[in-house]
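Just one chain follows, in the form predicted alone, and it is written as structure tokens.
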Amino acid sequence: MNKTVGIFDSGLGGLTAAAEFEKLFCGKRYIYFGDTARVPYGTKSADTICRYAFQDTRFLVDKGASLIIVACGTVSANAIDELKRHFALPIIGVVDPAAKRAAEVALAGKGRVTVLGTSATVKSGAYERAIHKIDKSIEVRSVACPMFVPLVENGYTKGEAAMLFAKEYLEPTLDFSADAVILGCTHYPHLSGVIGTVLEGSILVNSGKEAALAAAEYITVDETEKGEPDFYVSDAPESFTRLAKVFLGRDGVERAKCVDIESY
């Protein structure tokens, strides 16, 4: 039986994981949902995040997904366990795969990891717990970067505005000299240029990429359905489609369809 992969995020950021899926499974179909009407999730309460996550997952399952990649650091940090308890299918988050990769880098260096995330992700402490489950000796410093998501959503991935916020958030961490920096929101890899410039010398861990690699352990190329991806959003499909071409690095992106996510 062919498996269809569903990927969701609060907006555009999850296209990081989608792009990695396309590299791993060239020509294979997936379903993407971006909750563009309610972005960002990172400023919401844990209860609201959990409610949104359930609606997003139910939508993808209704569309035929048999494996879910939660390409959202906030949901992965706050609701992944609840999702796994309630849905009888594989659900891959971004926290554990990224924590594993960062721990490998840290243990080969000074034993230090910086986590960049939304306010909700940092407050949850999920990355610290995941890293310390691997090795308690690793030092972890977490930094909330709430303006990174709206910057990416509005196309400001480089230039003066992006650098201004990157310096504001990251310069106080320079004395920590982390071996690995987890980009703990799938929007953040789109700011890798400015983040890497400020935190020169640290290895950036792309949480979306690590999640896609983890999902690949559950399926093979032969098990995935062939075809073009389907894109769905909860608002502004034209804007999403235009930016999706930029973030996926290719033309031919099918126009996103708008859905009433509150009905799920």
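Position 1 is the first residue in the sequence shown; the rest follow in order. Quick caveat, the model's predicted, so the values are computed rather than measured.
This protein has a second form, the form predicted in complex with a small molecule, left out of what is shown; the following refers to that one.
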**OP:** Report the stretch among 173-181, 99-107, 160-168, 73-81 that approaches the small molecule in the predicted bound form to within 4.5 Å, counting heavy atoms only.
**Re:** 73-81
Original post:
Looking in the predicted bound form, any heavy atom of Val39 within 4.5 Å of the small molecule?
Top reply: yes
**OP:** Please check if Ile92 has a heavy atom lying within 4.5 Å of any heavy atom of the small molecule in the predicted bound form.
**Re:** no
Original post:
Would Val113 count as a contact of the small molecule in the predicted bound form, using a 4.5 angstroms cut-off between non-hydrogen atoms?
Top reply: no
Subject >> Touches the small molecule in the predicted bound form: Ala126 (any heavy atom, 4.5 Å) >> reply: no
